[in-house]
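As a starting point, one isolated chain is supplied in structure tokens, in the form predicted alone.
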């Protein structure tokens, strides 16, 4: 048994490194003078970046490895989860840098932000590899509890405190509902292991199905809350607006990607081989929620005055698009979701970086603050415009290819109505995305003063994150080859 656990640890090195990184971050933070500014704590950020870089390199090296289950089958390490983890690691590194330069987080809590971000990432890594219900729940709670604290980092700001409270209240309720659903699944099937649930699903009776249908609905509530899909999205706009902007940037990537990956794994493992009323009910549930999520997110984004709040509703709509790929059970849908997650990472990061610097300069992130950005900072206006076009799904950018792959997978399964709804929602999204572009290019600037945070280093980093938005739209086939090799392990 001891040898088996040692062998399992050899496959769990990236996650172990992140745990050690979090421990070292706490030790480094405790060694600093309390009066020292967060931006001056160079060792803290160096430790975080070193840990993230080490994990990134290890995950890239393991992409082509054969899938393996570890710790008595409770976790699975496969290429699919490895690519998802890479996306989360890059998103965490980007959010940590933004927190260092942003004025939206108090200097005295910037170190805490870094520690919390690494802790939430650990929860996301755990979720990506979860292969039984207990590990899945631990991953959700690890990710969620630390997120509640992060949302309310600005203790003296009523909106931030409100964001943390709303997040915690909604999260506590949905976690309880999810646990209640899990208990029913265990009661009917007699196991928490995904592989054994997969076997049991093929032999369920009609009476079992009547119990499992509401149980899976309750189970979905906990995961749907993390990706902010309708009707579990109520917290998202208020939390995204009230939380500091680097927190919003982080929430839009790591918890969302982790939640999507869990839904992909559960759908493919539990329902890939069975043809029964339970599978049909699950697929119909995903279809309805996907259509509602896209529509509600896009329609609600139209009337927003705050760019951060608009991006919150935008992230809801993008979660709906990714759920379309889950409906297509199989490699085509999984590949499309991975590509979408990669492109979404870069598009969202650039959008939040530019918004953060504008907000820090003007004191708010209203659409009017972007007026005339082309005149004062032409490169930033051009890159922000490119990202807005890509988020809307215009060719030849990566956002178009990502949506095209999702729609292609949906159409291949003859879900024409879903494809039409997705296309219609892309048209709706053009309105609020192009609103920013119009303000930056065609409106006169409110001030001739330059945004001080748009220095050479910051502009270079934003440009670096913008390059994949264009490149992935042109050389998307090479990335799809990698994504196609990212097989989801089903025991």
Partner chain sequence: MISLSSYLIVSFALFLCGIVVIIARKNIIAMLLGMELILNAGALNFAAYTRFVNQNLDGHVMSLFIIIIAAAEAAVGLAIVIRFFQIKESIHIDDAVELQS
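Positions refer to the first chain, counted from 1. What you see is a predicted model; the values in this text were computed from it and never measured.
Absent from the display: the form predicted together with its partner chain. The rest refers to it.
- A heavy atom within 4.5 Å of its partner chain in the predicted bound form is found for one listed residue only; from 187, 231, 73, 396, this is 187.
- Distance criterion of 4.5 Å from any heavy atom to its partner chain in the predicted bound form singles out 134 from the list 272, 288, 302, 134.
- With its partner chain left out of view, the stretch that reaches within 4.5 Å of it through heavy atoms in the predicted bound form is, among 140-148, 249-257, 100-108, 361-369, 140-148.
- Contact annotation for residue 159: at least one heavy atom lies within 4.5 Å of its partner chain in the predicted bound form.
- Among residues of the shown chain, residue 163 is one whose heavy atoms approach its partner chain to within 4.5 Å in the predicted bound form.
- At a distance threshold of 4.5 angstroms between non-hydrogen atoms, residue 404 is out of contact with its partner chain in the predicted bound form.
- When its partner chain is considered in the predicted bound form, residue 183 lines it closely, a heavy atom lying within 4.5 Å.
- Counting a residue when any of its non-hydrogen atoms is within 4.5 Å of its partner chain in the predicted bound form, the hits in 167-189 run 168, 169, 171, 172, 173, 175, 176, 177, 179, 180, 182, 183, 184, 186, 187.
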